[in-house]
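In C-alpha cells, one chain follows: the form predicted alone.
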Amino acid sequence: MSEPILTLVVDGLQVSGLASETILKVARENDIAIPTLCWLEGLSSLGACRLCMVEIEGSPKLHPACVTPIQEGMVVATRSERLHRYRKAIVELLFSERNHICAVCVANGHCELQDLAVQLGVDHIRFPGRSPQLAVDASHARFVLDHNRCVLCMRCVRVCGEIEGAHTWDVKNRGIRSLIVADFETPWGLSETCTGCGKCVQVCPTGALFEKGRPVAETHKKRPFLPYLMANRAREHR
C-alpha cells in the first residue's frame, strides 16, 4: 500500500510530502531554510537544539520541525519576529554555557554555531557566561575532545552508533552538567570500542572534536558522506 501524500502550507507556499516526512524535510525539499544544529542528514532526528522551532497555525506553542510529522492542511510559519527572538536567545545561551572563544578556537571560520550567530545577528551575549573549567581529552593518537566547545548536539553519539556501529560515545549527567564520554568515561585513547574512523570528528558542528595537527584552513568537514553511507547500507541489507 502506497504512503499517502499530504498537502500543507509553509511560509505561504503550498507544498506536499509523504505522511511520514517531517516539516523540516518538506521545507528543505522546497528550498525553505530552517536553522538547525543537532540535525544532520543521514542521522536520526533528536530535536535537542530547538533551533528548528516553527509556528503551526492553531497551536499556541512552538514545534521542532525536525521531529514533527506533517499533517494535511497544516499551516506552518518558519520565519517570524517571535521565532527570531527565540533562536537568537538559544544561540546566546549556547555561547554563555561553555567557553566558545572564536578567536582561539580551531574551528574559527568553519563552525556552525559561529555561522548561526552571524545569521541571527548575535553581536553580543546578554547572559552571564558560566566559564566552566572543563577537561580536554587529548589521549587519542589522532583526535582531541574539548568539552569547552561542545554544544551537546549528540551528532557524535549518533554517528558512532548508527553509522559506524561502535557505540563508543554516550552522555553522562543531565542539564548543564552533561558531558560526552567514551566507554563509560574512559579516556578516549584507552577506548576498546573506538575504531579511529573519525566520523565523530567530521560531524561535529564546532571545535569540540578535532584532528591533531590540522590547521584551521584545513578543517573543512565532509558531512555529505552520511547519506551516501546510509544508501550503501540499505542496498547491502536488501
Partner chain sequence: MPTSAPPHPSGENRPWRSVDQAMQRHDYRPDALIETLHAAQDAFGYLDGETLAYIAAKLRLPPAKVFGVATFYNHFSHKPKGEHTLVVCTGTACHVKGTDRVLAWVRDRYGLLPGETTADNRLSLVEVRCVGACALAPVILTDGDVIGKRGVEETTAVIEEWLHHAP
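Numbering follows the first chain given and starts at 1. These numbers were taken from a predicted model, which means no experiment stands behind them.
What comes next is about the form predicted in complex with its partner chain, which does not appear here.
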Considering only heavy atoms, tell me if residue 190 and its partner chain come within 4.5 Å of each other in the predicted bound form. no
Would residue 171 sit within 4.5 Å of its partner chain in the predicted bound form, counting heavy atoms only? yes
Should residue 43 be counted as a contact of its partner chain in the predicted bound form, where contact means heavy atoms within 4.5 Å? no
At the 4.5 Å heavy atom threshold, is residue 55 in contact with its partner chain in the predicted bound form? no
Heavy atom within 4.5 Å of its partner chain in the predicted bound form: which residues of 14 to 45 qualify? none
